[in-house]
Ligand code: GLN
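Here you get one chain, nothing else, as structure tokens; it is the form predicted on its own.
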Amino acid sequence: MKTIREVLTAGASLLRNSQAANETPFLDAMILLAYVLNISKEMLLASYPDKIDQKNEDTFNNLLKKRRANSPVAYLINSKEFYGLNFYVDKNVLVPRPDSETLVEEAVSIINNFPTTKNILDLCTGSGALGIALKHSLPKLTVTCSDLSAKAVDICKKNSLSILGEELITIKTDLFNDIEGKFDMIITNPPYLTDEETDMMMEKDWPEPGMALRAGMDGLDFIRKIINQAPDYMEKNAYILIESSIDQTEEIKQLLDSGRFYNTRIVKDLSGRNRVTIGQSV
């Protein structure tokens, strides 16, 4: 039998030589092997001299093949860490990105400065990462999560139960269609890729759901609708936080400025790139 170190080294080399999975080959291989062996990454590194049985090696190699075929590691292990929490994910929802933590951090900061902010709507919630992370940080909040995808809503419920120990209010709806009441804050990471960008990704067999990506000719179809409709569901001086691509934030700020919002600004992510656009309702 081979040692864990030998199998891990070979797996990382295999991914390193793959066009689909060559960005973080060692980390990807380490996460997959730790998953197969049901141990932590730290324990895996401490177990380098240990032997690995053939069944586990075969399972690991099968996962490597899927990773080389462009399946995200998160889908292969049905788990993704976000804001220090482990979320269940599969092909029905986007994989939460570290960049989105910027939105949660900014929301927490705003709420800490304005403690009357209690009622939150996470629009286009997907896995529920934003709303659940915010609720976990500030348990007294009332958080409603909504999404057009019934499967995404189910996954959000699953994650809220496993992470929070309770099921958040979850609604299957097309943006605000079935939303009632008014909120102190709306957070959203809506689809924001252009049709061209989405088509290119789908042609490359991108594994994430197209409906969570595609947003029209300029990628702003959903964001325009949200900015236009959101004030009807917001208390006076309520906040809206919108995540988008880097090159969309200035136009989103202009849309907010020309709508029923004030005090607009753009927040950069940890890499110093424009990521979240914020405004307050008049």
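Keep in mind that what you see is a predicted model, and the values were worked out from it rather than measured. Residue positions are given as counts along the sequence shown, with the first one as 1.
The next section is about a form of this same protein that is not shown, the form predicted together with glutamine.
Visitor: Okay, which stretch from 102-110, 129-137, 168-176, 89-97 lines glutamine in the predicted complex, with non-hydrogen atoms inside 4.5 Å?
Guide: Stretch 89-97 is the one.
Visitor: Which residue, L76, L193, L148, L164, has a heavy atom that falls within 4.5 Å of glutamine in the predicted complex?
Guide: Partner contact (heavy atom, 4.5 Å) among the options: L193.
Visitor: Work out which of T144, T117, N189, S160 lies within 4.5 Å of glutamine in the predicted complex, going by heavy atoms.
Guide: Going through each option in turn, the one that passes is N189.
Visitor: With a 4.5 Å heavy atom cut-off, would you call L213 a contact of glutamine in the predicted complex?
Guide: Within the cut-off, so yes.
Visitor: If we define contact as a non-hydrogen atom of the residue within 4.5 angstroms of the partner, is L85 a contact of glutamine in the predicted complex?
Guide: No - in the predicted complex, heavy atoms of L85 and glutamine never come within 4.5 Å of each other.
Visitor: Would you mind checking 231-251 for residues with a heavy atom within 4.5 Å of glutamine in the predicted complex?
Guide: Just E243.
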